[in-house]
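A single chain comes next, written as structure tokens; it is the form predicted on its own.
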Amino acid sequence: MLVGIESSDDAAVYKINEDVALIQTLDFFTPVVDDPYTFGQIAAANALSDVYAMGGEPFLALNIVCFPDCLDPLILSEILRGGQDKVTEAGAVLAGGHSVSDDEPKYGLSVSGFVNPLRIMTNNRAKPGDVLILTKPLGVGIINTAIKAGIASETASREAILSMTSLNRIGKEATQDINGVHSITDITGFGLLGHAIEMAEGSNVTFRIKSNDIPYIASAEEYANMGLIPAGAYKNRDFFIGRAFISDQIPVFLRDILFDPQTSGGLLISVAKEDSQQVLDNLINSPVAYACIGEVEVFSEKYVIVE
């Protein structure tokens, strides 16, 4: 076992031989959008993301399905079709799975991937002097809350769905064969700050994040100011706030976005400064916003400083 539970990493990694290691992950959740096909795409992209975060390529996936007997089976068919299309886009194979009857729909994947043991990316190897790059905008948790409340605009919904359904393969490929890429994690339920804190703590460094450089979906500011904050954001804040310093100058809505739980969020990449522009250049064809958001420093009192 090369990567297990000890580092709270994105997936488990088991060495098969000198050239191949197996990546194994599992993720599923309740619907975040009304359209079943889109939900299937989002859930699949989210599960596949863990393999990309470890520097690997997915090759095999199995469906995980919970579905109420009272709902039309055609809804389930659309969910599965969405998942199948994303797995196919990733170049992997979807080979069945398992379903149970449940009161609320849930869907996701168990995914296996391959990686060279010498090229595994973990969340605990960031180094002082590195630059931090985020490959997707924040705010989808807030916008999903607005969608559930029935007040999200068509533009906001479209931007959030584009982000959530975009595979993190482009982020992973942007780091390919760049020796200065030291550490990667994907931003999901703990929000940017939660996952950044885990990454910095595992690496025993401090992340200095520049709030003005953080990409987020514009509508998230409006909905955050309206109080449409998911419960998970408050849980993240309560759990992680003691390990971070957030400047008083940062507006309340942006504080909420920092802790906003993301579904199928982007990759947070820690890369040597001299190689950071190459990663950014490789992201040029990304369909969503990305940015350099900060730097890695020698540890000083807090794991993350946001200014």
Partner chain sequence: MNNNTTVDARGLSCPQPVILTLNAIKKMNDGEIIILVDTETSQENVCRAGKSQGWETAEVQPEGDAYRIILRKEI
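Positions refer to the first chain, counted from 1. Just so you know, these numbers come straight off a predicted model, no measurement behind them.
There is another form of this protein, the form predicted in complex with the partner chain, and it is not shown here; the text below is about that form.
- Though the partner chain is absent from this view, in the predicted complex it lies within 4.5 Å of a heavy atom of just one residue from 71, 151, 93, 162, which is 151.
- This chain is displayed alone, yet in the predicted complex one of 228, 131, 76, 170 has a heavy atom within 4.5 Å of the partner chain; that residue is 228.
- In plain terms, the part of the chain that comes close to the partner chain in the predicted complex, with a heavy atom within 4.5 Å, is 228-236 out of 112-120, 173-181, 197-205, 228-236.
- Mapping the unseen interface onto this chain, residue 50 falls outside it, with no heavy atom inside 4.5 Å of the partner chain in the predicted complex.
- In the predicted complex, no heavy atom of residue 126 sits within 4.5 Å of the partner chain.
- Although the partner is absent from this view, residue 138 stays clear of the partner chain in the predicted complex, with no non-hydrogen atom inside 4.5 angstroms.
- The partner chain is not drawn, but in the predicted complex it has no heavy atom within 4.5 Å of residue 185.
- Although the partner chain is not shown here, in the predicted complex the stretch 201-223 places no heavy atom of any residue within 4.5 Å of it.
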